[in-house]
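Here you'll find one protein chain in two forms, each presented separately as structure tokens under the names structure 1 and structure 2.
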Structure 1
């Protein structure tokens, strides 16, 4: 790449060298020259509406806005003349006459602040907290910078009712200054189109068509509009009155295998809000509703388990960790390996899974370690795992010329993938959508098929039949074809036939596959060998073409009909086909309502309270970073397992820190040592053991997990996060 030639411009008598194709505002910011601006925000396209960033440019008439005017070689710019200062003040006065501004100009302002915290009910000023954005507001900052101390114009209070009927965030358009950031982020960045300017002139408002709720208008509740709003017009329901956070921690979302970067907002040792990171190379800041809004409520749920508990005839009683560890160790000591079943959640960290796997295989000596995904995927478990591990990185969409989505909807999840597809389709890429219910991508697709899953294999056949390169001897340049499969296939009882077709598309026609499944750290789970028949590290490709292990049908191997002495659930809840057992250990973060009540309850910490790593669907190793202290007496899963092990056999699995585990992982799982590399995975083959399935059959597949169900560590998000209930209700009825 050739180095771009720099341009020379003069800003406020300072000669500076700047990149071409940037605006005056960008140039000024690069050189730390302050120009006030409200409507501009990277990475949104510039808009030029607030008129605060006006400057003078030699040769240009009037006062051009620096956010829209591109730099030009030899340009002479003045950003701070007396005339500009006056004009900015006047414009700001006008702007503030559409925005209640007592937080700025109230004569009692300072005094009021002092009294804000008072709890006295008697006749003292306790502060008018009408705006949730006080102290976060960009208007306050700008007013201070511009030096405005009073305004002479009356305020036009628009008297809109505050819109509270949608989940997750409230809208008070009385505070809106029509900067259009939300409209631009919704349309240009999120490609969603829920927000639009409506009407015009002084009647202009922002919202959905015909005063529809955002839920009805196709909103993804990604909260991007809330993040970019400079005022208090848009505010997150859960955190709106918290004020300024006192810290921020960058971590990775654990709700699905995309692995979006999260900026956790911390106040008083609590996660109060989550912001996207627009600089993220993984998700470009395109969080979905779960990452953006479903975390604070989950981690602070009233259902959180704070202490270990034991079941007694009178109900649960709180016990000490020592007693709890003793009891668990006692039940597991010297047990026949066949009498134990360990169930791990694919939403645990690599470190948790590594320790759990060692615990099962080394300490207990059993291969009976499983994940509930095998009861979701049943006979198709192996083909599902192979599709998931052959998944391509998401950026294949950027270069695709043909995209097919099957049963995929990105409204409330996998938004970084969905938005990539939307962008591609808008740019003219051939997009076909196939689904049972309407998909949010239908609106941009060239061809839309809505039909029952049973008809899909035939349709996929015809799509393959039309593909160039099908005939013999035709030499065609390699086509970039991508198929994205989503929950409607994965959780359909008829998925087997569809999986077969997708494998054919992949192997025979070179389609690249992306599997949008909900098992966050599935790849980590497989890599750590926390799965029947797969050893630690066995599945991670070392770059050679060697194939992976052959595994027995996991359902037969696990034989869930067989009675166990102890079942140990780690980050999972009692599931429908849980084997009967004498003793059930429930190690999780939230209490659970189930027919088989746990005998021992061990409180786990959640991902905002611990460190670790996961492996994303793209095969990247991503960091989980501790943001707050563990809830109550809870501990990370690995730590609990380690303590139990220590009790059973001293020194067996003694880990005192996450880094110690990571050192061991690197030692034992060679390919994981190079964390920058994207991991690739070997193909598993199914071993026909000849051993038929014994015992009772699994319950009716129709009762299995539904495509719209969102779970974390076995708990449905809708049961914990109020807004998710609204969303799931909607999806169920679609």
Structure 2
């Protein structure tokens, strides 16, 4: 590859080599030369609205904006002359003439900031000390950098009402400087079009058209507008009064298998906010509402379990970890392996799943280790696993000429996939959407079908019937066609017939498949062998055969109708369809809501409080990084399991650190990076399909589930979504 030739330019008497096709502002920032700007932000396109980034360029008239002026070889630029400083101060004065700015010039600025922080919690912001963005505001920084100490213009307070009716963030457009960042990120980056400029003159503001609420205007509540706002005009409801964070931790979101990068904002050992990372190669900063807003309330939920508990005739009593470990070990020691059922969550890390699998098979001696997806998918478990493991990388959408979405909606999840589809459709790619209810992609689709799931197989037959080569019985050369499967398929009682048609489209016509399922670490769960009939490392062996492990019909294999002595639940798992048992151990971070109360409760840490890895739907091994200390006396799941193991048998699974587990994983799970290349499951038993071995029919919890319920879509969002977004989901689906 030919190396790109750099240009030579001079900035403030300093010669620098810069890449071609960038702006003066970008070149200056790459070489740590400060030029103020309020409207420019990566990755937004250049705009040139605030006029603060003006510079002098030899050969150019006037004072061009550096954010819109491209570099040229031999260019001579001056960024900080006396005339430029004067002009910038005048521009800034005009901006501040419609922004509460008295605190910026007050002689008691420092003392007020140190001693009067509590006065900030007010309904109307009239100065910096009253602003939720105090010390985080770009306007404060630029005022200091430019050296503005007074203003000669009267300040006009526009008197807009503070908007607090929508969920997740408040809007005070009296603080807005009309930089346009929020409008551009909503339209150009998120491609949603909720925000625009309204009115004119002094009444110019920003919001949804026709004075609708953001909820009614189709806002996805991604929070991108809040993240790019340079002032306190937009502020998150939960995090607005914490002030400047102490630090930041980069980690991975565990709400779905996309694996977006998160920048956790930490203060006083708490996760107070979450920002996107626009430099992320995984999601490009395109977080959904769950990753952006749910985490601070979730990890600090009043439902968090802080200490081990034991059920007594009078209710739960708090006990020590030693007592809890002793009781768990006593119940699990010397027990018949067939009398134990271990249920693990697909939201657990690879390390947790690895230790849980070893605990089940090596210590207890049972293959009865299952996941929620078995009770979710039921008879279609094997076909679902094959589709999910064959899911293509999301970048296949970038080169597609045809896209078909089936039961897929990216309003509140799977945002990177949804935005790729929107971009493709706007670029002219043929998009067809098929769903039961309205989808957020319908507005950009060429054809939209809303119909009952029972009619979907016939429609897919019709699509295949019109494809070239139909009826020849040979696999065609792969085409640039992509089908995206969403929750309406996965949780439909008719999913089996739809799965069959999608497999035919893939195998016979070369369609690429993307499965937008809710099981965050499904690939890790399978790689670690935390699944009946699959041993750890089996699906990632170096064999050349395309056929993987033979998986028995899982409902029959697990025999969920049979009574157990002990059921051990690890992580976020459902209570529906669990067998009756003498003793129930519940190991999770939040209290259980069920008529069946656990006999022993073991509090575990959440992903912000531990380290580990997961494997995304694309097969990427992604890091989970510890940002805060564990809540209360909670511990990571692997540590709890290790302590129980040590009590049952001295020396068994004696892990003292996450690195020790990862060392064992490297030894026992070979070619982990090839996890998606080795998966192909064969169903070997269907003789009791859909029944337990006793012949008792298990009820299907999905038959009564309403479309807006979030129960199995990643980690439960608890009150932060159920109290706000679920209301809107109900309205959309009724």
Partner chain sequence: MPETIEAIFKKHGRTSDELIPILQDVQKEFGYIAQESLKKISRYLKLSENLVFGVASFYTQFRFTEPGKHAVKVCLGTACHVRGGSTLLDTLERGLGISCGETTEDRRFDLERVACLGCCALSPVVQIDRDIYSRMSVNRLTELLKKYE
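Given the structure is predicted, the values throughout are model-derived calculations rather than measurements. Positions refer to the first chain, counted from 1. Rigid core (definition): largest C-alpha set, two forms, superposition within 1.5 Å.
- Here, the chain labelled structure 1 is taken from the form predicted in complex with its partner chain.
- In this overlay on the rigid core, residue 232 has a C-alpha that sits less than 2 Å away from its partner position between structure 1 and structure 2.
- Once both forms are fitted on their rigid core, the CA atom of residue 283 lies less than 2 Å apart between structure 1 and structure 2.
- In the core-superposed comparison between structure 1 and structure 2, residue 409 has its Cα shifted by less than 2 Å.
- Taking the core as the fixed frame between structure 1 and structure 2, we note the C-alpha of residue 574 moving 4.8 angstrom.
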